[in-house]
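Just one chain follows, in the form predicted alone, and it is written as C-alpha cells.
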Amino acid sequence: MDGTDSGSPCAEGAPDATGFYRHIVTCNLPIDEPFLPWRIDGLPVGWLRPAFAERLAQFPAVFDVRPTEVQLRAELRGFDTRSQALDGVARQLAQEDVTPPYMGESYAVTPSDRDQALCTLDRAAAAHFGVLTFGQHLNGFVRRLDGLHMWLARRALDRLLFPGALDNMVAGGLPHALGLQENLAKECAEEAGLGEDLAGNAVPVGVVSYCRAAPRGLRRDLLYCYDLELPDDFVPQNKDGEVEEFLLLPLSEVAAIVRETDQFKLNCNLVVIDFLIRHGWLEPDSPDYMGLVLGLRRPLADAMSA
C-alpha cells in the first residue's frame, strides 16, 4: 500500500468459511478500519489506530504525530536511547490504563527480522503499536499403538486473554533479549516441567503467521513451531501458574475440537492445523487443503513494505 495513506496493512480472508479453514479466516479477517504507519528512520515498524496515534501526541519528545503517519523523533538515535524513550512511554500508558499493565518484558521493534531490531518496546504495548511479535509454540505428542496422542494445556482461569481456553502444551512470547533455544528451554521448564534432556529434543518445524485487528490493536504475529515426541509415561507439570490442567487426547479428538468448536485460543488452532497437515492427518484431498496450507503463513511483508 502507499505509505502516505491509511488503510489495511494485512491480507483479507473469506468471512463465511467453515471447518478448519474458518480459523485461518478468523486470524486474518479483512481489515475494515484505518491504521497509520509508525516509522523509525523511514522504515515501517508498526501500525496504529488513529485514536491511539492521537494519544501519542502527549509525548512530543518521542513521537512526531502527523495526519497520515507517526514517526519516532529523528533526534532519538541508537538502540538504547530509543528503547529507553519507548519504555517510558509504555510505563505511562499502562499507568493511564491505555494499555494493559506494564510487563517488564521487552519485545523487538523491527521492520523485518528479530536480528534487525531498531529498539525494544514493552510487551504490554506491542499490539497497540502494531509491531511484529514473535512467539514459540510446541506440540507435545505421544506415539501409541492406536496412533498419535497430543498433550494440550488448559489456560488458567486468571489469564488476561482467553482464560480457560485450550492451548498448545508449551507456548509463549519471545523476548528480544533471549535466543530461540534459550527461550524455548525456559518456556518448557516453566509451563510443562520439561527438563533440558527432553526439551532439547524439540524439533523446529517452521513458522505460522497471521495478521488480525484485535481490541488492543493490530496483531502481526509470527510463531516458531516445534514438535516434541514424548515418552508414554511423561506427564507435564505446570510451574508458573499459567495452566489449569493438561489433557492427553487422541489426535482425532484434537482435530474434531479444532474443526467443530472454538475451545482453543485463536492462534493455537493454526499450530494444531499445521501439525495435522505435516503428520498426514489432513491430506491433499481434504476440504480447503490448499487454502489451509497457504493460509498458515500469511506474508507479513505486505505490512512491512509500506
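All residue numbers are counted from 1 along the displayed sequence. Computed from a predicted model, the values in this text were never measured in an experiment.
There is also a form predicted together with another copy of the chain; it is not shown, and the following applies to it.
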In the predicted complex, Ile257 touching another copy of the chain (heavy atom, 4.5 Å): no
Residue contact check: Trp151 to another copy of the chain in the predicted complex, 4.5 Å heavy atom: no
Tyr226: touches another copy of the chain in the predicted complex, heavy atom cutoff 4.5 angstroms: yes
Contact label in the predicted complex: Gly291 to another copy of the chain, heavy atom within 4.5 Å: yes
Residue among Gly164, Gly147, Pro101, Pro204 with a heavy atom within 4.5 Å of another copy of the chain in the predicted complex: Pro204
Residue stretch of 187-195, 84-92, 205-213, 151-159 approaching another copy of the chain in the predicted complex, non-hydrogen atom distance within 4.5 Å: 205-213
Residues within 4.5 Å of another copy of the chain in the predicted complex, restricted to 245-262 and counted by heavy atom: none
